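The data below hold one chain only, encoded as structure tokens and taken in the form predicted on its own.
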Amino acid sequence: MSDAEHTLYPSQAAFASDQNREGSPETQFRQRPDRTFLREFYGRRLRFPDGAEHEMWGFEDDRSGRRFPAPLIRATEGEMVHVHLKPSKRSHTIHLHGMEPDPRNDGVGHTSFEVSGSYTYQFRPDPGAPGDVNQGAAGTYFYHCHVNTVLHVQMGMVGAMIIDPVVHPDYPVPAGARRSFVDGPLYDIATEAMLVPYSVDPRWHELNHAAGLSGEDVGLDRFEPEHFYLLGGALSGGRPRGDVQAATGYRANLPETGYPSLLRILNLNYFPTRARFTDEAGAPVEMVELIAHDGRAFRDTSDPTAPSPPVRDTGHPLTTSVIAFGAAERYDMLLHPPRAGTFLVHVDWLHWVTGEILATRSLPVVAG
């Protein structure tokens, strides 16, 4: 069928009103994938690092087992990526949070469709170009169910997604290293890691799949967590063991020991959150260089007629000891410890109204 024979919609609203509400839709304009990922729904009780067990819903593939968070999706700019969803129970979607695929593949159920049988989402991340602020998709993202969104994300239907940059001939990449974006700084693959704050309101984990969707008040406007966790950990090495992938600490290279270590933050918490880097005595240490936010590199855009280099290349690196962020925010940062030894990253959960610290969890950052 030619493009001219396909229905053209005058608006997103018109497109949305013409979709089936749920089922097994056909993947339109399906292309041969470079990478394929399977995501199947599961529900079970999982044991967390503090010994508490929570009823969780999540995504698994054919090798991951039923764990939380869901398996990582990782691809490279320019690749055609397929994510095959099989809900197996009720209706779900996969929203590629931060990406910009066409509406059928964005996974927002109320503007397209929900999936009760199966569907293959497809997308191709935009390749980056040096100095171009308008091109490139390399960075940290995540994917989640967008049906009854706040509940399903809290229940565990969520996983990290990383898009790696294409390699440009002017910015070669040596063995053991990778660039965070096409003309970005090199980092050490072996010490790349993620920090994922997450908290649990046990009351929410007793609700059903469609709680609140018919307009009834089930309390989803009140998030009152009692359990606080730091998930993630190293991205290299073997598959995680246990029900929950909890972070236990991080490694940070010194300049003389290799390329810098890259830490990616993905906030799955519903409160304002703060990460603080200190020495063992609690004194702040400016050892963090922010290089990207929500999948977009920090670039110097002061001259709209000139290329936009990374801010670090203009002599103005974004270094800090404290990062404040909200729900669903992501940061990419290089770690620059001032010396060998053990440092700490403390994560504070802050109350929306009072600003009170509800909980703090800390992990070691070992430099050497």
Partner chain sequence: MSSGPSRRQVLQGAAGGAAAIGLASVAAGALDSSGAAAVAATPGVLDLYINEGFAPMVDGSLVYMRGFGDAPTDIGSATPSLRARPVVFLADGTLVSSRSYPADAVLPVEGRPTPAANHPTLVGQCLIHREHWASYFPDRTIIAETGSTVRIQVHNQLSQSHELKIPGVASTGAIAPAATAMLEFPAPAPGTYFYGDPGNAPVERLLGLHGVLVVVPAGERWRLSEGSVEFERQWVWLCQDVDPVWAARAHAGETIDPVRTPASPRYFMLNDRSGYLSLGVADDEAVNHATHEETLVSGFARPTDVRDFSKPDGHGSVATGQLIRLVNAGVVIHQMHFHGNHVWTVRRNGVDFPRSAGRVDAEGHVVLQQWEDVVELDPLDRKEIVLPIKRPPDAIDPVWEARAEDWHYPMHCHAEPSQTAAGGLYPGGLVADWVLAAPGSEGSEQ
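Numbering follows the first chain given and starts at 1. Remember, it's a predicted structure, so these values are computed and weren't measured experimentally.
FYI, the form predicted in complex with the partner chain isn't displayed, but the following is about it.
Consider the chain as shown here, without its partner, and state which of 159, 125, 184, 165 has a heavy atom within 4.5 Å of the partner chain in the predicted complex. Looking at 159, 125, 184, 165 one by one, just 125 meets the 4.5 Å heavy-atom criterion.
Ok, 201, 243, 192, 106: which has a heavy atom sitting within 4.5 Å of the partner chain in the predicted complex? Selected residue: 106.
Since the partner isn't included here, can you check whether the partner chain sits close to all of 46, 171 and 367 in the predicted complex (heavy atom within 4.5 Å for each)? Not a single residue of the candidate spot has a heavy atom within 4.5 Å of the partner chain in the predicted complex.
4.5 Å heavy atom contact, residue 39 to the partner chain in the predicted complex: The answer is no: residue 39 has no heavy atom within 4.5 Å of the partner chain.
Any chance residue 294 has a heavy atom within 4.5 Å of the partner chain in the predicted complex? Heavy-atom contact with the partner chain at 4.5 Å: present for residue 294.
Check residue 223 for me: does it contact the partner chain in the predicted complex (non-hydrogen atoms, 4.5 angstroms)? Yes - in the predicted complex, heavy atoms of residue 223 and the partner chain come within 4.5 Å of each other.
Would residue 253 count as touching the partner chain in the predicted complex under a 4.5 Å heavy atom rule? Residue 253 lies outside the contact set for the partner chain.
Tell me which of 47-55, 60-68, 316-324, 336-344 has residues with heavy atoms within 4.5 angstroms of the partner chain in the predicted complex? That would be 316-324.
So which bits of 90-105 sit within 4.5 Å of the partner chain in the predicted complex, heavy atoms only? Result: 95, 97, 98, 99, 100, 101, 102, 103.
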